[in-house]
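Each of the two blocks below gives one form of the same protein chain as structure tokens; they are labelled structure 1 and structure 2.
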Structure 1
């Protein structure tokens, strides 16, 4: 197959470049067939008596200006049940459209396609346009055999989900995700593994449940953060009511020595680190939810997960890399030991060239190596019907008190000297923390030494947040802060201002209390309209689609953490545009952090390194300029 130049941006295809007649192609990312080829696909489908399908777009390889190009094409996605059945009944016309339809119809009808026995024969008759999907790296067109294989796995998985009585309506890409998970250990019967890295909000839990419900060879183990144990139990009961569930958590846990085949044991990472019963069981499937928990290979959780015997190991995370590529190595070292080689070798071959030199060649080699074992879909690719996020940055000013405290903290730090090496990093981190607290509110920075009784009027950010929340009190709002002390100050003040107790979900609450707060916010019409959340305690695993607004009160160093928190509301089930408000204090370190965030997002998946370490490496003059929100 010819190499396809990967465009820097995804251009829309010009109607003149389309074939001008209907084409049918299988999209692995969606797990379904896509109609395309004309400027008005829906009209062409209606003319042939076919359902119009769901509007979307897909990257396809088509001739443009005399060469094969990978471009974004408008498509109509076939429903995996209704439209494929309609396709089987269609009176096929002659010509290229008919050839394409006949090939896919034959594939859908032939049971041998699932095991590959007729794949080569059918693929040989497939028109070129029928498999014009570039590979993940955009360099070549997927082979007809690969497309048919993915199509076959999806058809077979759909049938087995029905047999397993999974009570859920899978979207096409979720069906493809279950098929991909099942394929990781199907080829030769040996142990397998991989990472389901779909963007937050695309239903990774449901896909994992589809995998668990269709495998009955042995017991399964789900390891998740403590706050999600109840959610897993609830989701399993909802979508797979026939699957036995054993919650292995709390001080009185009692796990059978041999859980029945097909049963799902749900436990937390804290139990995993300390429990001797879990490694003594031969697990069929191991699910590691929110796998950021094992991103440090030296941590007890990572070592304990690596010791668990399992035929299929699946890590689930919307952020396989938060700060450093070493985190990806750590996760794949648990799911696919040896795939990326020794840690030191991985750092030499990939981490240093990509993180420090932004090497596209090293990034391409790494992508090619992990592609078969890492599945990543974004909402932009597979959820055309999900309302957009509308971002706004709210610039706030320092009060006189904040300005004085900020200037004193900076002057004192530079007068005392920041040192060098590890000492410098520690002092810079302490200074950054102090400055962010001053930007939040003097009362947070001063703590027990604060003598002010009234919180209003002392922080530009605090007052602006109060005004905003008062203005949008007729809708539901999530407010994230990284500091528990700040959350408690906001809760106290807002409860009085809004005239209703404003709850604060943080790491000090037990799982049941957290679950009650979430359920009330989602389902109780009389619940307070504002929910305060600790960024780390509530940044993953929760479904808060009732919110129409998200407010980031202060900034985390890594935009992936903030995005993950935002996506508690921007996920399947959200029916309105989500308004995301970020508060930034002008002329401070917060402006510099905002610029760093935009830079990291602009890297399009290339790791930007550690922000705090980058600041510590600056000269005193450049660092001071950054702290004052200016350029040196």
Structure 2
């Protein structure tokens, strides 16, 4: 919340203040139990034949000098999958375990823990140590009942995900996220809503898919920017292969009046504005992805979203909306109508007091109102759960203009004939370059002939990249492209949308300019959060470890070159997680390249040299299939 004190940085615990015997406490943000209580928790766990878990630290309220204080305690996070089993087998009465361990073991053993009365009974026996997670201002700790409830929800969610055959490994915080999403509807069963606002890179889409797949009554509706429709279809097919997916998009769209139960319909905000079929269906879950799209309550899309009938209404955004009160109101007005009151009243009661005169009372009140319906976790908070590098492929769609240019270029090349031998190689290479440029942006392909006035809305990839970079607000991003012209288009456009000049580091810059850009990116807190680089410039031994995200705007034939660029931002032993996003346009040569990369990476770096050459060696029919993305 704006101007609310962030959770006071808790001091590290003094070892003498630890109880000296093992304790267990449920951490809601991580969605798992944490072992603590002795100076060397791992050794104590080993001594009892228990899995060591992952090292982390947690803010807990424990007795220090006779009163409860929030301190940072070293913990080992139990793996919710395996370690609960180990906990069940534990011979607690004889070991040097705290009562917190005993009560959590009891909770894990009770099949009926989700049942209110059983839960209350166990809760009554729980010592404070078992649920000593303090609130932000350090005045209260999570209650035993709430901790048990969250624990039971996590267990049940895991079981449901297994039944639904969701084919993904959920990290503990993601499991907690799915459980939270499910709980939004559980309170009264009838309706509910909320905002999943995890920082970009934490897997919001996967958590949403977990929710959709475990509510099999369906049908569900996913509304996302047009640039993401293909990506949703892909991700649903990958993680929930048993879920029927209907893409409702394009001029020839045709929605069955009653989609099959459990089906997920994916559509774009553009369609939502004008479509009659969508409001006629009784939806179970409505997902509004990239909910910044409905930040203006007067926009057609926002009004259409508010009118859609759905039992559970979820907005997803990586932008910290709680800092922009108008947006927060607009989004919650769709997911949780009435929660914040009418818009004019919200301005009087909250927006003006908080934004204009920084009223802590109004901020605290708003925070309390919103907190149950907003889940936001940052990479820093769940660092222990994250691998050092996470790769994700974002599938983009061609716009109508791109599709036309692409088809024309392919048709022309084949009509003219590609010839054979050296000549064929030259012509195939020229064609590939043209197609890659069209995927990037029509303006790059058309160059001086481009008559378009605006860059937005003409390239699925360009729009998606712009949305992503706007969303990564608190972190630093490197964007690689192999084309100078593309880098310049991006620099121009992003400088406008981000409201700050976005620099472009390319081989044409002198070493001094390059150094200055790198230094600013690494060390200057006011430097623009985005740095564009030509892929070639990445060969210059740059050190750009401040980046939390790397975006590959276009594909290079050789994955090793991309990896080298990625490694500019990642150093072995670096204690922070890096997200690597690769943009791929569906149904184009880019998909073929992506598939090729996968197989090359699988060959452990044995790179089969000349990919363009390999394409030139294909027959016309096979080449055409590759160019139209039909081989991938």
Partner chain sequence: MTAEFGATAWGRAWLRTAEPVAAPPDRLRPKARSLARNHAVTSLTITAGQVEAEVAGHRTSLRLPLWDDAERVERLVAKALDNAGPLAPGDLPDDLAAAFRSEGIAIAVPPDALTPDCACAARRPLCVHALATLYALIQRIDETPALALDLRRQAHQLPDPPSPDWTPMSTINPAHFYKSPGETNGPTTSARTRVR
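Just so it is clear, the structure is predicted and the values come from calculations on it, not from any experiment. For clarity, a rigid core is taken as the largest C-alpha set superposing within 1.5 Å between two forms. Numbering follows the first chain given and starts at 1.
Here the chain coming from the form predicted alone is structure 1, while structure 2 comes from the other form. With a cut-off of 2 Å and the rigid core superposed, residue 173 has a Cα displacement that falls short of the cut-off between structure 1 and structure 2.
In a rigid-core overlay of the protein, residue 201 has its C-alpha displaced by under 2 Å between structure 1 and structure 2.
Once both forms are overlaid on the rigid core, the distance between the two CA positions of residue 235 between structure 1 and structure 2 is under 2 angstroms. Core fit done between structure 1 and structure 2; CA of residue 71 shifted by 2.8 Å. Per-residue C-alpha deviation between structure 1 and structure 2, core superposed: residue 488, 4.7 Å.
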